[in-house]
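Two separate entries follow, structure 1 and structure 2, each one form of the same protein chain as C-alpha cells.
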Structure 1
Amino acid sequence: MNPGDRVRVERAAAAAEGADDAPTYEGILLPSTTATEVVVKLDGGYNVGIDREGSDVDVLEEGVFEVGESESDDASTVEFDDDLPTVALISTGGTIASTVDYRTGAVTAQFDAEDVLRAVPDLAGRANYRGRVVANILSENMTPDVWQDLARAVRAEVEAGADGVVVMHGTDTMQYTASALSFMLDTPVPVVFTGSQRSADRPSSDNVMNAVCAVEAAKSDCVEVMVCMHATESDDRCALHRGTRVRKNHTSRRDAFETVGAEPLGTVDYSGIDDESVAVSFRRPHVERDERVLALRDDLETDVELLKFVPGMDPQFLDVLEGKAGVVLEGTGLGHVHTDFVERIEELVEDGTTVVMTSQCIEGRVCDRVYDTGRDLLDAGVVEGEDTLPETALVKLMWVLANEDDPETAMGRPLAGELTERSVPWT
C-alpha cells in the first residue's frame, strides 16, 4: 500500500475480542503514515490515526491520488476562468484545513485548485483558486512568528494577483492572528479568516458553509481583515467580523464568534448564496477596493505579556513582568487591580515597560479617572486601552512597540478598528 491509495482499515484485534462493532475506516491513505500508525483521510475529510498493530489494511484502489512534491509542474486539470476573480486559500492548520489541505500530514508548501474542489465541491464556479500552506499546526500552538509568515504569504498572494484571500485557521486563537494581520497589513483586497467548530466527519459540520461564505466575502468590496463564521446555529448565514473586534465567546457552538461592542461588519446569506449579487452585504462603514495600497509592516516586539488580575493573586506574577517591553493587564471593572499592586506597576513603568490596562469585563471601556485605584494607576503611568479587547491589546502592543515612535499614544488611538474613540467625556 502507498499514500494515495484508497484503503479500508479494520480493527481486527477488537473484532477478535468479540466486539460486534469493531470499527472500520475507509478513505485515502496519507503520507504521514508511520511504522506504528496508519493515517487515513476519511471521506468526510477528517483524518484519523489508527494503530497498525491489530489492524488489517485492505487496498481498495491504488493511486487514487498522486502524492508527492506538490511543487511538481503537473498542470491542474481545473481550467482558469478569465471571468472569475482569483481567490488565494492559505492554510495554517486546524479543522477546516484538514478538509481542504489533502496533504495535511505531509510536508508540502502548496496545493492547487483541484485539491480545493475535491475537498469542497461547492466552491466550484465561484473563483479561480490558488493554494498555499503556511503552517500545519493546531491554533493553540500558534506563535507570533507564524503570524509574520502568514502576513508575508498574504502579501505574496496579493502581489501575485489574488483578488481576495481566505485564511483557514483553527478557531482557538483565530482572533489573535486576525488581530495581528489587521495591524501588520494594509491590504487592497479582502483577507477573510475562516475555520470550523465541528470536524467534517460530523453531520453538524460547519466547514463547507464557512468556506463558501469566506470565498464570497473574499470577492467582496470590503478590503479589511475579517473573520467569517456562522452567525447563528443554523446553516443560514455567516457573520463578517472585523479582525480586531471579534472574540470566540463559546467553546463549541458554531456561532461562537461574536463582534464585541458593535454589530458585525456584514453578513453572507448562505440561503441566497447562488445569487452572487445579494449574498454578501455590509451594514457598517469599511475600507473599499482601490482605497488602499498594499503595505506590510511585519515587525513585532514579542517581549509582551498579558496578565489577568484576580482577588488573592500572588504578586510573584509581577516578578515575571520585570524588564518586559510591554504588559497588558486585564483588570477588574473600569480597569483596576489591588492597591498593593500599584507601586510594583509604577516600578515597571519607570523601568521602561509600557503597561496597558484593559478589562476582564470584555465589553465596555476602561476608565481609570473615576475611582482612586484607577487614578493611582494613571499616576503610575499606566495607559488606558479604552475599549480594546484584552487579547487584541496584547497583539496591538506587540506591533506598536516595534513600529510606532510613541507607543503610549498609539495604544490610545484606533489603528485598525480595534478601538472606538470616546464620543463624550466621562462625567
Structure 2
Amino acid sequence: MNPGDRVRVERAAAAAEGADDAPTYEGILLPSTTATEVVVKLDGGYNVGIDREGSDVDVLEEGVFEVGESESDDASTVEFDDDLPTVALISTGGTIASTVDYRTGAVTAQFDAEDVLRAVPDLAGRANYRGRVVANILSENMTPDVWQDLARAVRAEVEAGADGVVVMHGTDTMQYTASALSFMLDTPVPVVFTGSQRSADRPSSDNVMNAVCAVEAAKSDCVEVMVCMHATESDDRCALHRGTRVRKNHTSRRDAFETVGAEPLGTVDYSGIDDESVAVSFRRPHVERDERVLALRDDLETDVELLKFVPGMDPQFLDVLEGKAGVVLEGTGLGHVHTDFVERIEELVEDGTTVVMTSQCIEGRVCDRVYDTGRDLLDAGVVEGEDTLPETALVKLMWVLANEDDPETAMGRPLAGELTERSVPWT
C-alpha cells in the first residue's frame, strides 16, 4: 500500500461494535504526517484523516497517480492528423494546469501541456496540438517578464504554423496578461486565454468545458486576444471576452469573468460543441483572419504603478511615486481625488511622470471637465484614461511608454479595443 493507490478504508472497530452503518471511505491514498492516521482524498475532492487503529484498508488499484512532481520539457508533441487544424497549447500554470500533489495532498501547478491533453480527453480529435510550457506558476506570481516570454512564445507558435493558440493561465491575474498580449502582439490567429476556478480533482471543476471551448474558439475566425470562461454557473456555454475589456468580478463563481461596459465578443455553445457550424458565434465586430500580419512589439516600461485613491489618504503617500515613469490613478466617480493631491500630482508631471486618471466605477468613463477638481487635474497635466479599465490602463501605460513617441496622446486613443469612442447604455 503506497501513496497514489486507490483504497477502501472500513472502520472495522465500528462494525465489531455492532454499528449498522460502519463508515467506509474510498479514494486515493495520500502521504500521512503521522503514524496513527491514514489520509484519503475522497472522490468528492476532500481529504479525510482516519485512525489506523481499528481500520481495514484494502488496495483497489495500485499506482493510480504518481507521487511527486511530474517531469516535463519546455515543449511536448502529439501525433498529427493532416485533416485537423493545429492549436498550440501554452501553459503558464494556474488551476486549469493543476492537480493534486500526492506528496502533500494540496493542489499544485505541475502539468505541462501534454499532461493537459491526458487530463482533458475531450480535447482529442478537435485539433492537432503543439505543447509549450512558458511558466509553471500560480497567477499571483505573474510578472511583466513572463508576459514578454509568453508573447514571444505565441509568436514562435504562429510562425511554426499554429492556426490558433490557447494559453492556460491562472484566473486571478489573467486580465492583466491578456491585456499585455493585446498590446504587444498583432496576431493573425486567435489567441485564447482560459483557466478554471476549480481544480480538476473537484466534481464541480470547470476545466474541461473551458478548455474545450477555448480550443473551439482558437479555430474560429476571430483573430484577437480573448478570454474564454464560463458564461453562466451551468455547463452550457462559455463567453469570449476581448482581452482588454474583461475583468474577474467574483472570487470563486465559475462565471466570474465579465466584459465591462458591453456584451462579450461572442459565445461557445458547449451543448452544440460537436457541430462546429453553430458552436462558436460572434455578436460584435472583431478582427478576422487575413486582416493583419504577425507583429510583435514587446518592450515594456515596468516602472509604473497603479494607485487607488481613498478618502482620508495622506497626500504624502504620493512621495513614494517620485521618479516613477508612470502612474495610473484610480479616482472616484468621473476621475477625482482630494484637492490636496492636485499640487503634488502637478509636481510629478513636471518631473516627467506620466499620470493617467481612471475611475473606480465598474462602468462609465472619466470626464474631468465637469467639476472644478477635474479641471484642476487637467491643468496639472493629468491624462484622461477615458473608459479604459484601471488594470488595463496600467498595462497599456507600460506599453506606450516603451513604444510610443507621444504616450499622453496614445493613452487617449484605442489601440487594442481597450476604450470606446463613447459610452452608451446596453441591454
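Note that the rigid core is defined as the largest set of C-alphas that superpose within 1.5 Å between two forms. Residue 1 is the first residue of structure 1, and the numbers go on in sequence order from there. Everything quoted here is computed from the prediction, not taken from an experiment.
Novice: Which of these two, 1 or 2, is the form predicted on its own?
Specialist: Structure 2 is the matching one, since it is the form predicted on its own.
Novice: At a 2 Å cut-off on C-alpha positions, does A402 qualify as shifted between the two structures after fitting the rigid core?
Specialist: No; that C-alpha moves by less than 2 Å between the two structures.
Novice: If we fit on the core, is the Cα of V57 displaced 2 Å or more between the two structures?
Specialist: Where the cores coincide, V57 still shows a C-alpha shift between the two structures that is 2 Å or more.
Novice: By how many angstrom is the CA atom of R6 displaced between the two structures after fitting on the core?
Specialist: A shift of 9.4 Å.
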